[in-house]
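Below sits a lone chain in structure tokens, taken as the form predicted alone.
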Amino acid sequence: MSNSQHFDCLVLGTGGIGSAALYHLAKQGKRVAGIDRFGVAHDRGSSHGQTRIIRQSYFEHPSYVPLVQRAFELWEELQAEHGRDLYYQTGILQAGPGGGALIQGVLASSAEHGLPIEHLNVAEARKRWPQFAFDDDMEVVFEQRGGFLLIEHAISAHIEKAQWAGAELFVGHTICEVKTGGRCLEVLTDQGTFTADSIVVTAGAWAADLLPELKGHLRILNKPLHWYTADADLYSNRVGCPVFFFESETGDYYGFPSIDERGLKLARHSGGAEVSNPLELNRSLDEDERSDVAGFLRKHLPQVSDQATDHAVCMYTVTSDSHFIIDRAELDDRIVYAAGLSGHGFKFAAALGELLAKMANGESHGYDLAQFSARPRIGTRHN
């Protein structure tokens, strides 16, 4: 590409959030392009590994609920319009100590937003889900609306819908620099130059490379995923096994019913080794981490085999408070971004893409983003 191309908007990073932003911008009739170092639905960042949980009774904070409710609507719309299965409603079982952060957070969000959930004591939970084992001090909340998304399918669907609407996609481009201050914003890659009136940054683990204000405020964690042989009559989605999240004395764990020959998927949400360079992520099997996950499995899903069938590694890009950052860039307010999604962001991708598209266009979006603003949390810099 010898000469620069001009677009109304450029989307830098086309994973979960970026693919959705690309689609919503193209749908609005904007001349838009997505730029990514890797290919469509790649496995080099945070948006891969087959499945992600979606839930609306959000224990992290009630302020997430309007966003995730919109995400449910948009995922269902995308599924219907594209024709590909993306969302499976299995219900979500969430278990933990009655006074713990998980149960109390779910109850708070549900009360504030009037969400339908079931709140069960441990005896009731044991009777209803005999394939799970619960500690005596645990309580369980069940949300029928919850379920899981197929990650790679969802990203591909957004990209395809964006391209059908006229978006362009440039993969295999490494972004070298974003220049601000001129009449147009300028993006230099190793293969050429692009200009735009606005930019959406959804670069995941690489966000701080493009947004200097985020340097030192994001940590990248190595997060392994594990699959185990499981009895399909007990642990498959076709027999009604829900997705699940446990707050336990050894950490927080989540998992999915078996949906194919790999079996049940399980991962630890808490912990994770810090990553210094996302391009050099250690993808080898961490035997200590697998042993930890297997210990949780033996205790709380005792009828699942300890025979592992597969494993993968992705990344969490984590803020100091584990809440998202959604804002305009300090260096130029024509740049909008979502960063630091802290391992719980994919379920929001459809809604965050729509939100960022509206921000990039200067449109009203109707959300209270005070919880997600960068300014009170990372401060401002003046060079």
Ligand SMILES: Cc1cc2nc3c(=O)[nH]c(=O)nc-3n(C[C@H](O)[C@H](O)[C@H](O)COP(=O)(O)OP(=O)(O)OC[C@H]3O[C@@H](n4cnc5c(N)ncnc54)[C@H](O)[C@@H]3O)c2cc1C
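Note that the structure is predicted; figures quoted are calculated from it, not measured. Don't overthink the numbering: it's just position in the shown sequence, from 1.
Only in words, not in the display: the form predicted in complex with the named molecule, which the text now covers.
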Any chance Phe256 has a heavy atom within 4.5 Å of the named molecule in the predicted bound form? yes
In the predicted bound form, is there a heavy atom of the named molecule that lies within 4.5 Å of any heavy atom of Ser46, even though the partner is absent here? yes
Looking in the predicted bound form, any heavy atom of Tyr316 within 4.5 Å of the named molecule? yes
In the predicted bound form, does Ile53 come within 4.5 Å of the named molecule, counting heavy atoms only? yes
Report the stretch among 357 to 365, 6 to 14, 21 to 29, 370 to 378 that approaches the named molecule in the predicted bound form to within 4.5 Å, counting heavy atoms only. 6 to 14
Pick from Leu211, Leu78, Leu115, Ile151: which has a non-hydrogen atom within 4.5 Å of the named molecule in the predicted bound form? Ile151
Heavy atom within 4.5 Å of the named molecule in the predicted bound form: which residues of 171 to 206 qualify? His173, Thr174, Ile175, Thr202, Ala203, Gly204, Trp206
